[in-house]
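Encoded as structure tokens, the following chain is the form predicted on its own, with no partner shown.
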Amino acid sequence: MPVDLHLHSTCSDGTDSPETVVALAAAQGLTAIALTDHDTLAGIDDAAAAASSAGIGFIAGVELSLQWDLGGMHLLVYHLGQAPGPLQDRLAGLQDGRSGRNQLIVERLVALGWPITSDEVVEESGGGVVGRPHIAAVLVRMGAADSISDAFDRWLAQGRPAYVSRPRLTPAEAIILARRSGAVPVLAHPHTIGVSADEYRTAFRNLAELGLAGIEAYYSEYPEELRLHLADIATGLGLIATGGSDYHGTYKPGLSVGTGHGDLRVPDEVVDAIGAVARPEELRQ
């Protein structure tokens, strides 16, 4: 049976609660899921409880945006518990960096003639970690953009008028912190890292030497041929080929939990492969 190891909730930049995300997974007949909100573990307890009630396997996770000059590099970290640890301790600082960046974005938009307020953005987030999709949603409502993606293209993406960078971990820092926390670091949607097809193997190999455990090969936006190609590369490097929908609710229209655009299937053996890499709490540094 299929699984989905890349899901977002209202605790970061999704539009569905952790419990609703689990319910959607159950409706799809999934055997396991991972909640991977950005820079936060806030939804883990609720999602774990809902998954237990629904009889679905659950992996606690998080998604990190990394400092990578060639493009956008994101790291999915699996089996990251709520207890204190090297990476868990850094999440609070990453969240503070997001908050400061969001305030600067709001100030830039006001200067550009759009009277957006921080209170509106926080309300849009539902009290979770505020991200640019929440700002984008407010911009759509006030007529500054036609859609979430259009808001990014016009105002919020890198190089656009309201873009503001924020502190991020380097790939080495994030991977090492994840490993020291007993967790399993996996490269998310590798097409965003900004290297050519010929350079993928070298980039993956370099990250594997730092401790990367897997590559998100089975991804919603990839055709089947690319999914299988990335899975072959991962296997050849001794890495796990993982996957997920990257579901965000209405912030990413057309994506469904478990099936992505309708043709996604992440094999359930990935769950055991990831679990075999995670270290129990008593062995963590």
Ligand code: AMP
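Numbers for residues come from their place in the sequence shown, where the first is 1. Remember, it's a predicted structure, so these values are computed and weren't measured experimentally.
Another form exists, predicted together with adenosine monophosphate (AMP); not displayed. Remarks below refer to it.
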Candidate stretches 172-180, 124-132, 109-117, 194-202 - the one whose heavy atoms come within 4.5 Å of adenosine monophosphate (AMP) in the predicted bound form: 124-132
Contact label in the predicted bound form: Ser149 to adenosine monophosphate (AMP), heavy atom within 4.5 Å: yes
Adenosine monophosphate (AMP) contact at Arg227 in the predicted bound form, heavy atom, 4.5 Å: no
Distance check, His79 to adenosine monophosphate (AMP) in the predicted bound form, heavy atom within 4.5 Å: no
Touches adenosine monophosphate (AMP) in the predicted bound form: Arg166 (any heavy atom, 4.5 Å): yes
Contacts with adenosine monophosphate (AMP) in the predicted bound form - residues in 238-257 whose heavy atoms fall within 4.5 Å: His248, Lys252
